[in-house]
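Two forms of a single protein chain come next, each set out by itself as structure tokens; they are called structure 1 and structure 2.
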Structure 1
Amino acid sequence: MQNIIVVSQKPSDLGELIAIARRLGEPLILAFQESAVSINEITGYGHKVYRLNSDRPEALYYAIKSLYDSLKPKLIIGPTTKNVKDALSLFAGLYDIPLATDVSSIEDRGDEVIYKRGFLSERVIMTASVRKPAILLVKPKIVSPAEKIGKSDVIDLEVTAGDVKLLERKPKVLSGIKLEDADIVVGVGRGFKSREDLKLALELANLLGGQVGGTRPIAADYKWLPEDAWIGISGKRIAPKLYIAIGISGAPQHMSGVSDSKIIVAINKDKSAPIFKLSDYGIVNDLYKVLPILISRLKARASQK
């Protein structure tokens, strides 16, 4: 059976990666993480574990290189995360190995592998074949997680971190709210004029029993929301029953994160905003006029019940 290296960043993602890898060959796990993570979560799959006590992309690069040189795997499977993309792209460049991200299906064909991936903010699905060896970074939730089937050996890897020096690390302030599990999400965009005004969205979300998320500029640039509220191709992918996009233009990079929503509602004052073509229901009007009325109507409904 061919060796498949599975790169694991978070133990919680590992089950899905193992399920994919087991279909393709013999998985060998490269776990890169801070030492705080319990090794027991990783050894339960019964596959050999190479452990790297660092979560820096620089260290992962050297670890994957040393494993590749000794094991010559035909496929490397991992999650589509920034750390993994960064380290594996650098490695891929070294040996000219093809690499794909956001992969949603994999079919092994001997010397080649065929995969599907989202393209153009997931508006198009590309099917491509590449010669092995290949690196395929997959989307979450494309398979159900594998069962744990026993214990496995752990080999510790020692690597250098290269010539890029880490001077300081600052954890991001995150809300911890799992937007991907929410039934109703209120999305806020640059139509809001100030951070203070987001309380309108919060009040709406509270009344509906939902959570608040936002576009990339709101979370990453203005920092009006924590970054785990960032929805879109480079943020979170959500699938609520109801998504209400307020003051959001409907850029493809944002909409790819909400395309699995059952119902999408838009509130935008610009009739020609692309969001209206990507929504089920829309109100063309100023959010500052619409939200107070929407909120008072919902309050009235709540008190009637």
Structure 2
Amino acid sequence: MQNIIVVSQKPSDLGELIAIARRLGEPLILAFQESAVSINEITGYGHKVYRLNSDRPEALYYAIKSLYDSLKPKLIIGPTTKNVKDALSLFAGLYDIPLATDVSSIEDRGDEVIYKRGFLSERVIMTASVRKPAILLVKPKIVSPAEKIGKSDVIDLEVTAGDVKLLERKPKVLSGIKLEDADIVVGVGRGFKSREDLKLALELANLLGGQVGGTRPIAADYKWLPEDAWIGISGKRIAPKLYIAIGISGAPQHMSGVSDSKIIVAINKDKSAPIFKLSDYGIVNDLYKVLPILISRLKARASQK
């Protein structure tokens, strides 16, 4: 069977990537992460694990280069995340290997691989073929995670970062929100008049056992939410069972990040808002009237249990 390098930045990525790779060949795992992550989180799939104790894109590039030169894999599969894209786009350019991001399905055809990905904020789905070797970075939650089947041999990789020298590290202020893992997400947009008013969305999410995310203006421009709560083509792509969009018009840049949601509910006072065409259910009304009623009903229901 052909060798496939599976690049995993987070343990939560790994199960889905392994499930895809098992259908196509023999996976070899490159775990690209900080050493603080438990070894138990990346082993147990029965495949060899190459562990890189670094989260720097340039270190990942050199690790991929080393493995590629020695193993000659036909495919490299990873998540569509910023650091992975940074490292593998450099690798793809220098080795003249085709790379595709936001892939939603992969099919093996011998010397070629067929894949699908969206364009124009997922309004158009393209099917393409590419000769191997190739690099395919996939969207989250397109398959169920693989089961752990046995012991994994772990090999620690030691690589240099080339001419890049890290002088200082200043972490971004993040909330620790993991929208991509949430079954229910409440999205907030410019329909909210102030940061203080977001407490309505937070209370709703808490009653539903969900998380709160926002559009680009809310997270990036107004900074009412931390950057890791930004949903959209430049933020996080999510696929919850339920997405409640409140005060969100439905711009393509945002909707591309929620297109894989199982159910989308929109609340907006503008009946002509584009989001209603993309939602399963819609409420045309002022969010300041709807949310207090919805919260009150949920509290009453919880008190009856």
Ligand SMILES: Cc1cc2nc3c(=O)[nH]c(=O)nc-3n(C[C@H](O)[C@H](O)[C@H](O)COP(=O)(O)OP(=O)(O)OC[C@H]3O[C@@H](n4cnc5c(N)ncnc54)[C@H](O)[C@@H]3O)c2cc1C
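Definition used throughout: the rigid core is the maximal C-alpha set that superposes within 1.5 Å between two forms. Here, a residue number simply tells you its place in the sequence of structure 1, counted from 1. Keep in mind that what you see is a predicted model, and the values were worked out from it rather than measured.
Engineer: Where is the form predicted alone shown, in structure 1 or in structure 2?
Structural biologist: Number 2 is right.
Engineer: Classify residue 192 as shifted (yes) or not shifted (no) between the two structures, where shifted means its C-alpha moves by 2 Å or more with the rigid core superposed.
Structural biologist: Yes.
Engineer: So, does residue 240 move by 2 Å or more at the CA between the two structures, with the core held fixed?
Structural biologist: Yes.
Engineer: Comparing between the two structures on the rigid core: C-alpha of residue 282 shifted by 2 Å or more?
Structural biologist: After core superposition, the displacement of the residue 282 C-alpha between the two structures reaches the 2 Å mark, so yes.
Engineer: With the two forms matched on the core, what distance in Å separates the two CA positions of residue 292 between the two structures?
Structural biologist: For residue 292, the alpha-carbon shift amounts to 9.9 Å.
Engineer: Would you mind giving the Cα movement of residue 264 between the two structures in Å, after fitting on the rigid core?
Structural biologist: Here the C-alpha difference is 6.2 Å.
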